[in-house]
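First, one chain by itself in structure tokens, the form predicted alone.
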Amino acid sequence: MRMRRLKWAADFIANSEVNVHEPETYKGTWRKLLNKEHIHVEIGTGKGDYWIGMSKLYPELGWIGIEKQESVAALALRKKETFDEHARFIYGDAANIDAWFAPKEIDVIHLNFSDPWPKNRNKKRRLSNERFLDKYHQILSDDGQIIMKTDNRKLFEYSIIEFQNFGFVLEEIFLDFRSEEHDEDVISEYERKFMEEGPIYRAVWKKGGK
């Protein structure tokens, strides 16, 4: 997601009580901070619809949104109307995720409509590339999961192979996820636009041995 830079974004993020400044200082203590036993992380929140919606739908869980683009992160934080102890945000690059979370600290990672980086020379930037999977594997609990949704078939096919090669176990797969109702999964404004254009692909992987 690319958009015009918002002049107010930096100050808004700096003053947000939802944004966790210096997230590395909470490494190993996120369950205590959120006061929850199970933690979900969404990497690439966009404008925050899914992160906010899921935190409302499942208040018994901890929810952490991550977004690296300043203006987009600011919009997500502005959309969060109330402060909830169990929902926090990190403005930063997920390439540093293993510096923020301790081994086995996270229960579920959500990858929603990640940038497909279609050119082969950019494949290391894909959030389902092995260099990210290595970090996910470290921070996920023994029964941890990764849930991915995308409208991009080629990225989905690439990801299935990449996860398999890294030892993750495929538990669920949908080639047209929204062809039936799934009230358990929030539909963001961003996803709704893709639904009008074609199928939504979704898969769930469980952490396995490398």
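The first residue of the sequence shown is number 1, and the count goes up from there. Everything quoted here is computed from the prediction, not taken from an experiment.
The form predicted together with a small molecule is left out here; the points below concern that form.
K.L.:
Among Thr45, Val72 and Asp93, does every residue place a heavy atom within 4.5 Å of the small molecule in the model of the complex?
P.N.:
The answer is yes; Thr45, Val72 and Asp93 each reach the small molecule.
K.L.:
Would Asn19 count as a contact of the small molecule in the model of the complex, using a 4.5 angstroms cut-off between non-hydrogen atoms?
P.N.:
Because no heavy atom of Asn19 falls inside 4.5 Å of the small molecule in the model of the complex, the answer is no.
K.L.:
At the 4.5 Å heavy atom threshold, is Lys27 in contact with the small molecule in the model of the complex?
P.N.:
No, Lys27 stays farther than 4.5 Å from the small molecule in the model of the complex.
K.L.:
Glu130: heavy atom within 4.5 Å of the small molecule in the model of the complex?
P.N.:
Heavy-atom contact with the small molecule at 4.5 Å: absent for Glu130.
K.L.:
Classify Phe12 as contacting or not contacting the small molecule in the model of the complex by the rule of any non-hydrogen atom within 4.5 angstroms, answering yes or no.
P.N.:
No, Phe12 sits far enough from the small molecule in the model of the complex that none of its heavy atoms falls within 4.5 Å.
K.L.:
Within 4.5 Å of the small molecule in the model of the complex, counting heavy atoms only, one of 181 to 189, 33 to 41, 53 to 61, 163 to 171 shows up; tell me which.
P.N.:
Careful reading of the contacts points to 181 to 189.
K.L.:
Which residue among Asp98, Asp134, Asp84, Asp115 has a heavy atom within 4.5 angstroms of the small molecule in the model of the complex?
P.N.:
In short, Asp115.
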